[in-house]
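Shown next as structure tokens: one chain only, the form predicted alone.
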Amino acid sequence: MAEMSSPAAARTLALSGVRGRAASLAVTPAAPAERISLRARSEDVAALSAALGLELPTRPKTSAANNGRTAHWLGPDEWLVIGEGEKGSGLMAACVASGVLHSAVDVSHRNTAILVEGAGAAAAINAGCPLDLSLKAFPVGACTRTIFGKVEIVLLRTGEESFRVEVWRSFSDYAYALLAEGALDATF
């Protein structure tokens, strides 16, 4: 049997070094983050919320944030929870500490995020996404799982003119290119 004496491989960041900018917006990769896909019964939401230090949202198209953690409602029993920093935000440990039945899967390696910020942000996203991204229909804090071009994304509105696009790493080049192309058309 061969011995493994080399150090563990470091993860290469998706979209490392890319930056997109148009007159009305910027499209940039987000910093690394810890992410979990969380599933739980409604009677266990309170205990998980307490353990995570943020109130898990229970209404469609909503999110909650506290102390560098954000929870995105994806379904009646499903959330994407993001903690700032690639490691050490303690999401998995917090879920275990809740003491309730749940499923928490670390998907940090699967996802990456693209930040879209500026006056043309909604227009750039609408180049590949059919949602009404007006502030009335999709206010600050709104999130949803949707499609962008040919890929599934989780979209969060972080400000009046800013969004976070969560996408699988394997589709990140495609999503970034489509956002950059949409940015060229978003002239304001």
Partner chain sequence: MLLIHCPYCEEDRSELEFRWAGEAHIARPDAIADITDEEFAEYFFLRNNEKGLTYERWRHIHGCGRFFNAARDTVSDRFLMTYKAGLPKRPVPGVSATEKTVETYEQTEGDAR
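Computed from a predicted structure; not experimentally measured. Numbering follows the first chain given and starts at 1.
A second form of this protein, the form predicted in complex with the partner chain, is not displayed here; the remarks below concern that form.
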Among 157-165, 63-71, 49-57, 141-149, the stretch whose residues bring a heavy atom within 4.5 Å of the partner chain in the model of the complex is 141-149
Quiz prompt | 4.5 Å heavy atom contact, Gly99 to the partner chain in the model of the complex | solution = no
| query | Should Glu84 be counted as a contact of the partner chain in the model of the complex, where contact means heavy atoms within 4.5 Å? | reply | no
Are any of the heavy atoms in Ala30 no more than 4.5 Å from a heavy atom of the partner chain in the model of the complex?
no
* Flag Leu131 as yes or no: does it have a non-hydrogen atom within 4.5 angstroms of any non-hydrogen atom of the partner chain in the model of the complex? => yes
Contact check, 70-85 vs the partner chain in the model of the complex, heavy atom within 4.5 Å, ordered by sequence, gives Trp73, Leu74, Gly75, Pro76, Asp77, Glu78
